[in-house]
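Given as structure tokens, the chain that follows is alone and in the form predicted on its own.
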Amino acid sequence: MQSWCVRIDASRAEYVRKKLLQKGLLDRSLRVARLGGDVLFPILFERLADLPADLKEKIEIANFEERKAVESDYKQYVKIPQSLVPLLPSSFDIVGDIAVIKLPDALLPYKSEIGDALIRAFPHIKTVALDKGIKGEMRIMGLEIIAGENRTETVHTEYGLKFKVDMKKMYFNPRLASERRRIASLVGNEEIVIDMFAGVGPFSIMIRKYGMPRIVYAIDFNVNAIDYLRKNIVLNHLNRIVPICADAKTAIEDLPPANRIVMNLPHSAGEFIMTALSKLEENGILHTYFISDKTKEHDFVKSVRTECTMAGYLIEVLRCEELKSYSPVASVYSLDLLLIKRG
């Protein structure tokens, strides 16, 4: 059948798919189609006006195959009052064989039933954990096991790489896989890279595997994360990654100037940008992330420009793009900065 769609080059397809899903724009009753090197995503007609501006230029009408109802949809297995069914989450994170789900307060009395339904619908899921929010300076997720095996350690796979992680001891975000691959593809020959908040190493290891760095310095304050980073370096048969267990602000002072710095700490991005720039070579690039109210991300970028100017740094904003929703009113954004000249 015919439908409005967004036509995207295959290299950007995964990123756009996630963006459309997060915004509830993808028509899941139709199958995604391919045409040459492009991917066509069917869009709900009633939501066309809500498309991001950069995608509105890529809409067209095409023919799609209808998609049968997904039998593995967990909602059909949940036994809860009918009035609460609309509150069931339409998405959740999967790290390895562990599903992590957020529930509104009204559904908490039924958390075990919801967890059991997820395991029944998705046989590869062995544990379901309730997300109780990020806590403490270590950015550790509060988790409660609500179904399946009583464990929080797993091995997560993305782009052929394996990451051993314990979700109760360290922070790990599976939704940044495409972003990590993007950054890795940009790393040129013999670059010195610093990963300021490395965790178990998803950025560092992806960069070492798919980029061409001379060396990657991977810093994290969480001793458990660094321990798992070391395990993941061995697990993926890599070298030239240097784990450093320390505060990034002080550890970075003893490192050589970098050609590229990754700073994935969106809650505190503004606090570390000057620290990162102080260690960046001219013509080096800083990849940072921040949380902002939707449509107000340019206010943060403007504040960064002002701070850089006052500190004597001439920068160019290479990219500012929404990565994923953080809440109904806020999103996480990626910001790529080129350091042109020091004052």
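Don't overthink the numbering: it's just position in the shown sequence, from 1. Every value quoted in this text rests on a predicted model; they were computed, and no experiment measured them.
Quick note: we don't show the form predicted together with a small molecule, though the next part is all about it.
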- Note on the structure: The one option of F122, Y110, Y210, F272 with any heavy atom within 4.5 Å of the small molecule in the predicted bound form is F272
- Query: So which of L255, L84, I215, M138 gets a non-hydrogen atom within 4.5 Å of the small molecule in the predicted bound form?
  - Reply: M138
- Query: At 4.5 angstroms, heavy atoms only, are I291, F300 and E322 all close to the small molecule in the predicted bound form?
  - Reply: no
- Query: Out of 246-254, 144-152, 95-103, 232-240, where are the residues with a heavy atom within 4.5 Å of the small molecule in the predicted bound form?
  - Reply: 246-254
- Would Y77 count as a contact of the small molecule in the predicted bound form, using a 4.5 angstroms cut-off between non-hydrogen atoms? no
- Query: Can Y159 be called a contact residue for the small molecule in the predicted bound form at 4.5 Å between heavy atoms?
  - Reply: no
- Task: With heavy atoms only and a cut-off of 4.5 Å, decide whether A198 touches the small molecule in the predicted bound form.
- Result: yes
- I192: touches the small molecule in the predicted bound form, heavy atom cutoff 4.5 angstroms: no
